[in-house]
Structure formats: structure tokens, C-alpha cells
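Here we start with a single chain on its own, the form predicted on its own, put down as C-alpha cells.
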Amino acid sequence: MRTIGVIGLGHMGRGMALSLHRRGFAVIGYDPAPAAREASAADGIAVAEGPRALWRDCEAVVLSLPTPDVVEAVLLGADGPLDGARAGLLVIDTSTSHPDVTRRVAAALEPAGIALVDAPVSGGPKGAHAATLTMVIGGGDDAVARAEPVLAAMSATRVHVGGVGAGHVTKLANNLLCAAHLITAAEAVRMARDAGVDPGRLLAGINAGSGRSGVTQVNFPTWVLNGAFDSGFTMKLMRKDVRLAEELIGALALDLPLSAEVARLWRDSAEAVPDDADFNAIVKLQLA
């Protein structure tokens, strides 16, 4: 497998395209935004005028798209792979999407011999550019094995968690936890700070104990305590992920009160923290 397409050349997709290029793959990219196409072309990535060329010429196509609706439109719309795709095409969706959409799209593609693997990522734009992403992967064993060389070129850690859609379920669970941990960690820091304990020293103590999390170990020291708030992941994107998790919980008819409160806090924070702010800025509501 040598020719790989990338649809969606934003911060994440462009980084993944460059990682694939550095690993020796021939990469063809596409994005509807001219600025994104121009930036990737300047980096040495071949850029197509539309997605049809990718379906026809690539053995695998990586998606890095903003919402489930966009994923579905790209794969099942008028310019999708059902009309003219290369035989045995493999689609790798690194977007954070809804598992129901993923499974529905995979079922529609399967009769045409097109396999779908969901491999949503963590690690942000820096991880995409450095090929240090973490991927949680859903798909059949054969499809995941075929995808492995491509996935390995873009990531440092990969966990196959189940069949098609399982990757997206796991990513929503992960981001729901991250959304909750940002709030609970901020409240713990506020409590300790007002009780006279330095936040940096507090986190050193927490990270040596059982209360630690990725938020206390990475987010707070890297983007919060220093006031940087420049992770590259926005409030808008995290709000979308929390909403998708809330929708999944509703579709499963589950009563999860803490998750419901986390979703409410993220939703209501829109009045105080704009969509274009860094997602770690949610802590400002607790630390003010």
C-alpha cells in the first residue's frame, strides 16, 4: 500500500498527510478550502481538485473531518467512493464521529468492497505533525491489519478496541472523561488554592497519588498553570464531542447524572467562553 489520500487538510489532516509523506507514502490530499489546499501544496503534498481522484487513485483514504454529518456526506454523497472507487479501497476515519453514523456508512460501503476503519485520534496538531498520536481503532481484524502500516506512520500508540464503530464509542468515552476531569481538577485546584496551597505543588502531590489523570499530569502543567491555553483544540470541538457523547447516552436510554451535569456545564459555558477559545479555558470558570 503506497498511495494514500487524505481528505480534510486542517491542522490535524495536514499534519497526518505530512507524517505519511515523511514515511515514504505517495500522498494526495483534498480539502474544500483553497487556503488549506495551498498550505499543503506548499509543504510538498500533491493536492487534488476534488475527492473523486482520491477514490480512484489511492489504496487507502484517511478522513480528518469536523462532524459526523460531513463524514457521511463525503462517503455517501454525490462525489463519494461508491461511484468509481479503486477496487478494495480502504477508508480510515480519524474524525471524532458518532458510532451510529460510522456503522451505517460502513454497511453502505461494504457491498461495494470498500472497508471502513474508525481510528479517532488524541494528541492534537503537534501529535499529528510529529506522528505521536494515540488511536483507538474499530474495525474487522482483516481491515485493521491492512490499515496498520498507514496507522503506524501517523501514530505512536494504537489500540484495537472492537468492530466498526467501537473506536468512536471509545473516543467519545475518553473525551467525556477529559471534559469532566477538567472541571473536577479545576474545582480541586480552586479549593486547595483558597486553602493556601500552591497549585503547582498541589498537582505534584495529586500526580503522585490516586487522584491523578491526564488533565492533572498534562493539561494543567502544559496549558493552564502557565496561562498558555494553546493546545490547538478548541472549545467548539470539545463541545461537539461532549454533545455526541450525550446523544449516545440518550440513544442507549441510560440515566447517567454526572455525565448529564458535565454536558450541561460545557453547554452553558458558551456564554462565558467562546467557541474559538482553547478547550482548556473551561477551567477559568472554576478558577476565577
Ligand code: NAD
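Note that residue numbering begins at 1 and tracks the sequence as displayed. All figures in this text were calculated on a predicted structure; none of them were measured in a lab.
From this point on, the text means the form predicted in complex with the named molecule, which you will not see here.
The three residues 31, 64 and 233 all sit with a heavy atom within 4.5 Å of the named molecule in the model of the complex. Picking from 246 to 254, 39 to 47, 259 to 267, 65 to 73 the stretch near the named molecule in the model of the complex, with a 4.5 Å limit on heavy atoms, gives 65 to 73.
In summary, among the residues 237, 225, 53, 26, the only one with a non-hydrogen atom within 4.5 Å of the named molecule in the model of the complex is 237.
When contacts are judged by a 4.5 Å heavy atom cut-off, residue 121 counts as touching the named molecule in the model of the complex. With a 4.5 Å cutoff on heavy atoms, residue 12 counts as touching the named molecule in the model of the complex. Among heavy atoms of residue 7, some come within 4.5 Å of the named molecule in the model of the complex. Using a 4.5 Å cutoff between non-hydrogen atoms, residue 211 does not count as a contact of the named molecule in the model of the complex.
Contacts to the named molecule in the model of the complex (heavy atom within 4.5 Å) from stretch 99 to 117: none.
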